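Only one chain is included here, represented as structure tokens and corresponding to the form predicted on its own.
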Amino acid sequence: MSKFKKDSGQKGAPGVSTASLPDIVFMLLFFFMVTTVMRETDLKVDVKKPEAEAVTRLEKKSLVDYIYIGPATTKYRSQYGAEPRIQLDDQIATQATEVGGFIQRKRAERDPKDIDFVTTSLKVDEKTTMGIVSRVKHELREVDALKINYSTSKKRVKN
């Protein structure tokens, strides 16, 4: 009578080690924390950008001030109505004359050597009339913000 069993040679496949699973989960968590950019502005207006064929990208987005023009979203429609509104950062402007103060406030926050390179990007809903856009452009001209672009989507080519 022996105390030990003989090795039959059939141990079976070893189980899958899950020891590295927490490391992988934390690596993914850090990756998403580092690469995720939080939205800086809460949009209060709907903007469906018009399409264009010749589209170029802006190089330095840190030197861009955004002005949104469009009808209020359904969340804010009872407060602001269905007429096109101007949104400056997180605030809805009641008049186009507030645009000049907004641009001057943004200039004061920037490095003085970058002010000449700042672009004002107009994100205008495709159904907005040109009257409100013309008033905003007039205010931009008043504060000498002459570098303007219109944000568009690239036109899709149908096959």
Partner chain sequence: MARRKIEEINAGSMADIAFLLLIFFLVTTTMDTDEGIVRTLPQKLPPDYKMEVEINARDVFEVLVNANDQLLVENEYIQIDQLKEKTKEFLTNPSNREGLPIMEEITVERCKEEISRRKEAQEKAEPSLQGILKAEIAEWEDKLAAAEKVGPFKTLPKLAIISLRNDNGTSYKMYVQVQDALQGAINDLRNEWSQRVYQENFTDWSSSKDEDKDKIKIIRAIVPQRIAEQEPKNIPAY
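Numbering follows the first chain given and starts at 1. Quick caveat: nothing in here was measured; it's all calculated off a predicted structure.
As for the form predicted in complex with its partner chain, it is not shown, yet the points below apply to it.
Discussion item. Given that its partner chain is not shown alongside this chain, does L58 nevertheless sit within 4.5 Å of it in the predicted bound form, heavy atom to heavy atom?
Written reply: The answer is yes: L58 has a heavy atom within 4.5 Å of its partner chain.
Worksheet item: Might G101 be said to contact its partner chain in the predicted bound form, defining contact as any heavy atom within 4.5 Å?
Response: Flag for G101 set to no.
Worksheet item: Applying a 4.5 Å heavy atom distance criterion, does P84 contact its partner chain in the predicted bound form?
Response: Contact with its partner chain, yes.
Worksheet item: So in the predicted bound form, does F117 come within 4.5 Å of its partner chain, heavy atom to heavy atom?
Response: Taking the distances in the predicted bound form, the answer for F117 is no, it never comes within 4.5 Å of its partner chain.
Discussion item. With the partner left out here, which residues of 109-148 have a non-hydrogen atom within 4.5 Å of its partner chain in the predicted bound form?
Written reply: Residues within 4.5 Å: S121, L122, K123, V124, D125, E126, T128, T129, M130, G131, I132, V133, S134, R135, K137, H138, L140, R141, E142, D144, A145, L146, K147, I148.
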